[in-house]
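Only one chain is shown below, in structure tokens, and it's the form predicted alone.
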Amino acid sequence: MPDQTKSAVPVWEVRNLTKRFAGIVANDSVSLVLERGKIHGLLGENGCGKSTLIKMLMGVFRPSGGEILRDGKPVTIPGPMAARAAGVAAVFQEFSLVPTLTVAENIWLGNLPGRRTRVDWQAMRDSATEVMSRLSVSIDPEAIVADLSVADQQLVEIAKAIATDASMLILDEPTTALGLEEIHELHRVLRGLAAQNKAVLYISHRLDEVEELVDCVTVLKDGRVVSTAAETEVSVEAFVAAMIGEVSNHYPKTVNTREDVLLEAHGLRTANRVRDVSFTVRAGEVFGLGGVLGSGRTEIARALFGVDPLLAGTISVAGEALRLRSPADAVAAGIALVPENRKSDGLFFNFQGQQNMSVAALSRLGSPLAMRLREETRLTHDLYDRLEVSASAKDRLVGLLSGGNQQKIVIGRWLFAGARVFLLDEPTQGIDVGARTAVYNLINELTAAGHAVVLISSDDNELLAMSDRIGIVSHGRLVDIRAAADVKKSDLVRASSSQEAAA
């Protein structure tokens, strides 16, 4: 842990900060203190006001009331450039890097060293190397950003932030696309920055990571602070209690496995890394796919959904062999895919939820020239109620909805289409604890109805708790299949990265 004997005056403080939008109070008298050398967690369900608070600190929004202080003195942050000059830097879930430029060029973009129209390229490379050394990481400053791993791109974003000598570093969902080892490396870097007297504000829906990393936590609910840093115990149970008001079973698993096999895959091989994969999933069963990021879990789902053509092997649903030439064939066979990236692969952002739900089964609504739109409204609104989609979301474009409501609409699409096999790839990624519980309850509902679920998750606790059996994936192969009760977190990492699996 960082040294606790820091200056009594916090480096940054928010006092009674309020933000109103056309009569809606997004932040209501929010106060928190960021101390030098501490990692401060900021938690809350989607829509609780975290994003609004960050945007006021970044100068995107002007506060309606309250004040922001640096080193005990009030400051005004009229815009993002002023925030940067004041020492505020942020790393968001979606990177702001230029992929065709080098690491050094990205770090110093907008502030290139040199005189007038001449850039001092050597000074830029040397400065980038020095910044990386402060992070204790070795990334070639001349490497093209597009050629880096997601984890290294994340570190370049952090290097950009500290290159300005920021005193406050905000990280918003920084581990969404990272594997376990990469998360550990990021946490090491953040602890190192805290040891250098930086104040870190850390936002994540992965509560176990927050518990492991932070020094203190503030919890927001409905735009207000419901649990201050002094009041909040650093534990997952305390986080959940503060966020949703009660401590319930965080993983409400029910067992619904039946005898009959619904999905069978035998000897699957694709050009996209899948190698000799065989398994079955029974009706009412959740079959988990575990393994490190890049192990081949998503590629197996792509093969089952007809995205990547089979070079060998067979897929059957309810005993009927399928010929999957495209995802349309998979949909017709009753296979559904909830993709890892719902924004790019799962939703039509120029449509409302109703059209997003019905798009995979328009034949239910008649011919293209005579669609029964009232029937579409009735059926999709029944799904809204069943999935507990927020009432305010029913008539809005999906791009304006929270991550939890977006995920429910993607799942609703396949319920509308009458799917029997559900491939869920990171179904709770980027959504809050309340929406996660709703997804878990929906999985239970699917299995109770006799559907088969293939669950892919980088959250090991989630995978272990919600699966009936788990197949461990490494290098595109299934290297082990066991009952979930017989699998430990260490087994997932050890088996999925074993040398034997790579052979």
Partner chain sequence: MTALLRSPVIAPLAALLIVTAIAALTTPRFLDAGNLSNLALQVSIVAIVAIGSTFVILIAGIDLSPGSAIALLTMIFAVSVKFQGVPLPLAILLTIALGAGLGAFNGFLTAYLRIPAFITTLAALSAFRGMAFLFNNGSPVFSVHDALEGIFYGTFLGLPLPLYYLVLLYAVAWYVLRYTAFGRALYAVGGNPNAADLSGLKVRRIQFYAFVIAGAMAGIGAVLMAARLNSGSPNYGVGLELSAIAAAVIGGASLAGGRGNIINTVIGALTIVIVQNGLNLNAVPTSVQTIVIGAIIVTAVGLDMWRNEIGGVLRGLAATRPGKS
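Just so it is clear, the structure is predicted and the values come from calculations on it, not from any experiment. Numbering follows the first chain given and starts at 1.
Below: the form predicted in complex with the partner chain, not depicted.
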Review point. Do heavy atoms from each of Ser316, Phe422 and Ala449 fall within 4.5 Å of the partner chain in the predicted bound form?
Key: no
Review point. At the 4.5 Å heavy atom threshold, is Leu337 in contact with the partner chain in the predicted bound form?
Key: yes
Review point. Does the partner chain get within 4.5 angstroms of any non-hydrogen atom of Ala370 in the predicted bound form?
Key: yes
Review point. Can any non-hydrogen atom of Pro327 be found within 4.5 angstroms of the partner chain in the predicted bound form?
Key: yes
Exercise for review: Please run the contact check for Ser136 against the partner chain in the predicted bound form: heavy atoms, 4.5 angstroms, yes or no?
Suggested key: no
Point to revise | Candidate stretches 143 to 151, 359 to 367, 206 to 214, 97 to 105, one within 4.5 Å of the partner chain in the predicted bound form by heavy atom | key: 359 to 367
Check your understanding: Can you pick the one in Glu264, Asp126, Asp276, Asp345 that has a heavy atom within 4.5 Å of the partner chain in the predicted bound form?
Key -> Asp345
Review point. Among Phe305, Phe287, Tyr202, Tyr384, which has at least one heavy atom within 4.5 Å of the partner chain in the predicted bound form?
Key: Phe305
Check your understanding: Going through 396 to 430 from first to last, which residues have a non-hydrogen atom within 4.5 Å of the partner chain in the predicted bound form?
Key -> Leu397, Arg413, Trp414
